[in-house]
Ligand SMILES: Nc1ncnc2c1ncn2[C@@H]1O[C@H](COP(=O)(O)OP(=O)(O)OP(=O)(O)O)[C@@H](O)[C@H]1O
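This document opens with one chain alone, in structure tokens, the form predicted on its own.
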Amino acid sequence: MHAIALYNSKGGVGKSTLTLFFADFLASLQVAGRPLRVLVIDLDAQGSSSTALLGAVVTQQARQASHTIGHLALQLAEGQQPTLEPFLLLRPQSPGGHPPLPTVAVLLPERESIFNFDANPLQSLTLLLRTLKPALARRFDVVLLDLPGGLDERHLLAINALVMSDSVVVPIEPTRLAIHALPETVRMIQYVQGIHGQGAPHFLGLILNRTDRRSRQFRLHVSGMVQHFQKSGTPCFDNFLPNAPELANATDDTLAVQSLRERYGGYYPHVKRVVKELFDRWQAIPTGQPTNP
């Protein structure tokens, strides 16, 4: 199993959208004669990626039943060994009799339980690494962790999620404000690498989102940022996602579609290339050789 965190200290740069895209396309891949088994763990209390995958009704019912990542983490912190199945929610069948999209499982968030977990300053920062990750490894090939923005040392559950991650990618928009947030993002990744003790999570690179390389802002700011990180051994992904309203529409769980090509329309090749590069990058990580931002 490989756990990939999507993280940027700045909000609104596309972490949840990319989580959905990665889940869709990775779950459609065939490896060793079967589809990849994909789990999304949504740690952002807004629940954007989990709602896009499950729909508002299912997410509300799960929260009412206390079947969320926060409730699960609290039980693990108390030394319990809960059965995972009630917490692992599968994307429902497509409405209207359409063929189902690729199967994706979800662990969704709930604000109060996350707050209760974070409220204990003695909470172990390696809890999920020690207790949850081994259990998930028996069920899944890929785990995508959608982390909130504004992360700092007080957010103990989200830090736990970063600690259990094998790799991290940083979505970023080509704006000056987004670039200013990068040093804090790098600081938190390095902080978590120190907790893990084995150099994980590996830093796979930056993914440009809502990007037009012909724009003035890209020429003024982003090209220099990319060159800076490349010199430090942290490259930007070769592929990027364009600034396209149609891609935002792909997160609408009420739209009935018959295939990923229909879901993503003319931007299907863009997303596919980004996901393939992600797959190739994590497959190329030498065992025991972390990459640092």
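The model shown is predicted, which means the values in this text are computed figures rather than measured ones. Numbers for residues come from their place in the sequence shown, where the first is 1.
This next part talks about the form predicted in complex with this ligand, which is not shown.
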{"query": "Residue 210, heavy atom within 4.5 angstroms of this ligand in the predicted bound form", "finding": "yes"}
{"query": "Residue contact check: residue 61 to this ligand in the predicted bound form, 4.5 Å heavy atom", "finding": "no"}
{"query": "is_contact(residue 244, this ligand) in the predicted bound form, heavy atom dist at most 4.5 Å", "finding": "yes"}
{"query": "4.5 Å heavy atom contact, residue 249 and this ligand in the predicted bound form", "finding": "yes"}
{"query": "One stretch from 64-72, 236-244, 28-36, 51-59 that, in the predicted bound form, holds residues within 4.5 Å of this ligand by heavy atom", "finding": "236-244"}
{"query": "Those residues of 1-37 which, in the predicted bound form, come within 4.5 Å of this ligand by heavy atom", "finding": "10, 11, 12, 13, 14, 15, 16, 17"}
